[in-house]
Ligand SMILES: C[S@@+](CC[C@H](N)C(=O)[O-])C[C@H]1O[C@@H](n2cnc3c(N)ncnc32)[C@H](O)[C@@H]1O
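Below you'll find only one chain, the form predicted alone, shown as structure tokens.
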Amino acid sequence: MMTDGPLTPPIDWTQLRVLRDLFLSGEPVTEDYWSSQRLLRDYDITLGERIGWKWDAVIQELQVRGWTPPSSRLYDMGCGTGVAARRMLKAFPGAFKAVTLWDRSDRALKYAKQKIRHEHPFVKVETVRECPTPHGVVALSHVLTECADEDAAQIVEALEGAKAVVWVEPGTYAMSRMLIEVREALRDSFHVRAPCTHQAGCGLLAEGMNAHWCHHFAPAVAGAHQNPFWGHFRREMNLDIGPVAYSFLALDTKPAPEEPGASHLIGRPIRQPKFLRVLSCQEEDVAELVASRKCPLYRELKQELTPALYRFERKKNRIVDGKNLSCKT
């Protein structure tokens, strides 16, 4: 993590703000916005690092749920600075022997390749400019925000031969709903590994669920609030240094370990004076549940732990007890 002081490289905050606004515009991006290696570096240690926090949270959940890479080849599609690939390589040391990077930007490909070679010198790295047909583990990070519908459809079609897919997007309503479409399109070809605890159709597609979306929150890296660098980032970029919202989807050709009766919480609990209200996803439905102060899980649910994987004992919509399935003790 960056620190403030003589070792902190100067950052062009104006260019970063332009880039941030482009990403937040909601419009497909057709041009190569990586105008320089400096912009790639500035992005990588700021906005890219925040995306890395999302990947850390997703990977932690996958590890808790027993997932390991089913192939030694990793594809980072729409790689940018290679955040997704680098987080995967770090989390699963020795699991990947080769990485394929795909991006429309030559500068981005060069930067990501150099970073991976520096951090993981024993991993073979190749770059491609055309959308590959992957046969290993695919990492996709924040690509739907830039894609036109036809480009997104091309990517989804290319995934049919993959061994596994880990896809992370911003935790917005639009991106969540798009990932749900991806899930339903690929559900016959893959086993859903996360965040879902089941293989059935997405409960958020049911009548009356239009106001909800599947999103979660990744904590900032330890010490970020006390770090002067991130304080400066917050002031310059007008972005809070706190948990960052994300949506994700993990698919695998291998079935997941059975988790009968398991629920995955969506979003954050809503705190009321005498109870908590949570949105809980399970095979039979997505439901709003309440936990009173007397519930043994009340304090834990209030802490908003990640990953939020539970087996609840319920009386209708009331949680009376349960177990945190993320704890292996």
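What you are looking at is a predicted structure, and each value in this text was computed from that prediction instead of being measured. Sequential numbering from 1, following the sequence displayed.
There is also a form predicted in complex with the named molecule; it is not shown, and the following applies to it.
**Q** Please tell me whether any heavy atom belonging to residue 104 falls inside 4.5 Å of a heavy atom of the named molecule, as the geometry stands in the predicted bound form.
**A** Heavy-atom contact with the named molecule at 4.5 Å: present for residue 104.
**Q** In the predicted bound form, does residue 89 have a heavy atom within 4.5 Å of the named molecule?
**A** No, residue 89 is distant from the partner.
**Q** Is residue 142 one of the residues lying within 4.5 Å of the named molecule in the predicted bound form, judged by heavy atom distances?
**A** Judged by the heavy-atom cut-off of 4.5 Å, residue 142 is in contact with the named molecule in the predicted bound form.
**Q** May I ask you to state whether residue 33 is within 4.5 Å of the named molecule in the predicted bound form, using heavy atom distances?
**A** Heavy-atom contact with the named molecule at 4.5 Å: present for residue 33.
**Q** Heavy atoms within 4.5 Å of the named molecule in the predicted bound form: which stretch among 230-238, 157-165, 143-151, 180-188?
**A** That would be 143-151.
**Q** Given that the named molecule is left out here, which of 214, 196, 138, 83 has a heavy atom within 4.5 Å of it in the predicted bound form?
**A** Only one listed residue qualifies here, and that residue is 83.
**Q** By the heavy atom within 4.5 Å rule, which residue out of 265, 62, 51, 301 makes contact with the named molecule in the predicted bound form?
**A** None of the others qualify; the residue that does is 51.
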